[in-house]
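Let's start with one chain on its own, the form predicted on its own, as structure tokens.
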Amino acid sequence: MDDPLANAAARDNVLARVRHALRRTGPDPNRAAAAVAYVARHVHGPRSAMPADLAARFVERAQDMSSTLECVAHRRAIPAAVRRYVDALRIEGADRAGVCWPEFADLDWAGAGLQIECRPTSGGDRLGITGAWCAIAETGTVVVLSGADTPTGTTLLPDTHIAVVPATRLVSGMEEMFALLRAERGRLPRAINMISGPSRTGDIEQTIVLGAHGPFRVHILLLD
């Protein structure tokens, strides 16, 4: 599991060694301000026009990337939506068992006929349920930040990944995602995972194979 304090200490140690090699005594606020100003005035390259309805664009692009998607009206409806999805897969009943992030521990999973444990995946779980830090409408991408309460293994190891995306956390494009990250977090987390549909590869005879390096399925619950 990610340890934010250990990550921060390791980062500070690396930066201290870099400053020492450059003969600097500490962080330079003038340089930091100059970097922020540069990013703020940097002109974006050519970009596709985005519609006013980011949710509709996100749904379209996520489906283009082989994700499936359902809109849910409120948080309490998540367990029933998960049950509908796994039942529609028509595969082994073991997919009714899985793991979720801590933010969903209070939901009534048992009432929906599911056996969901709030813990990081051990590697043998078939179903993983996560939230999302934000999502990118332009590419249908779910963005996940690593952290103690957001174990990224849950997005990678189970056969089926279900991501809950609040509609309020949709942004237009990659540029807006990084701007939001700078505004809300300041420091980068240890890892930023951008998930655009199921894992895939075309290495063998240029034939697309799903589930090569991660989940076979990505299902998104877009929370109104």
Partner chain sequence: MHVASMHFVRRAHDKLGDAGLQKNLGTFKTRFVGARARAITELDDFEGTREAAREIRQRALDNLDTYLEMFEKNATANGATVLWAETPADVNRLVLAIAAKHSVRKIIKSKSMVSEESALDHAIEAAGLSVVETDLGEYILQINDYEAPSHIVGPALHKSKEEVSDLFAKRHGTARKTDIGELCMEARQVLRQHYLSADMGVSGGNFFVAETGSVVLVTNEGNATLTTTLPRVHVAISGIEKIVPTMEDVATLMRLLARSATGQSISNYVDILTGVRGAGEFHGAGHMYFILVDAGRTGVLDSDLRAALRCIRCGACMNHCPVYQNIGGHAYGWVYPGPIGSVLTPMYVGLENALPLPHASTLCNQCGVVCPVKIPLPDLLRTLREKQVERGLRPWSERAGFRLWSWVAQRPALYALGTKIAARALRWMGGADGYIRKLPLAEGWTSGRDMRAPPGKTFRELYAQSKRN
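So that the term is clear: the rigid core is the largest set of C-alpha atoms that superpose within 1.5 Å between two forms. Positions refer to the first chain, counted from 1. Keep in mind the model is a prediction, meaning the values are calculated, not measured.
What comes next is about the form predicted in complex with its partner chain, which is not displayed.
Remark: Ala148 counts among the residues lining its partner chain in the predicted complex, judged by a heavy atom distance of 4.5 Å or less. Interface membership of Leu157, defined by any non-hydrogen atom within 4.5 Å of its partner chain in the predicted complex, is confirmed. For Thr121, a non-hydrogen atom is located within 4.5 Å of its partner chain in the predicted complex, even though that partner is not displayed. Its partner chain is not shown here, but in the predicted complex it comes within 4.5 Å of a heavy atom of Glu138.
None of Leu188, Ala56, Ala167, Ala183 but one reaches within 4.5 angstroms of its partner chain in the predicted complex through a heavy atom, and that residue is Leu188. Here the marked residues Ser48, Asp203 and Gln206 all reach its partner chain in the predicted complex, each with a heavy atom within 4.5 angstroms. Residues Arg31, Ala32, Ala35, Val36, Tyr38, Val39, His42, Val43, His44, Gly45, Pro46, Arg47, Ser48, Ala49, Arg61, Met65 are the members of 29-65 with a non-hydrogen atom no more than 4.5 angstroms from its partner chain in the predicted complex. Comparing the forms between this form and the one not shown on their rigid core, the Cα displacement of Arg200 stays under 2 Å. Here's the thing about Ala16 and Gly186: their CA atoms end up at least 3 Å farther apart in the predicted complex than they are in this form.
Put simply, Ile192 and His42 come closer in the predicted complex: their C-alpha atoms are 3 Å or more nearer than in the form shown.
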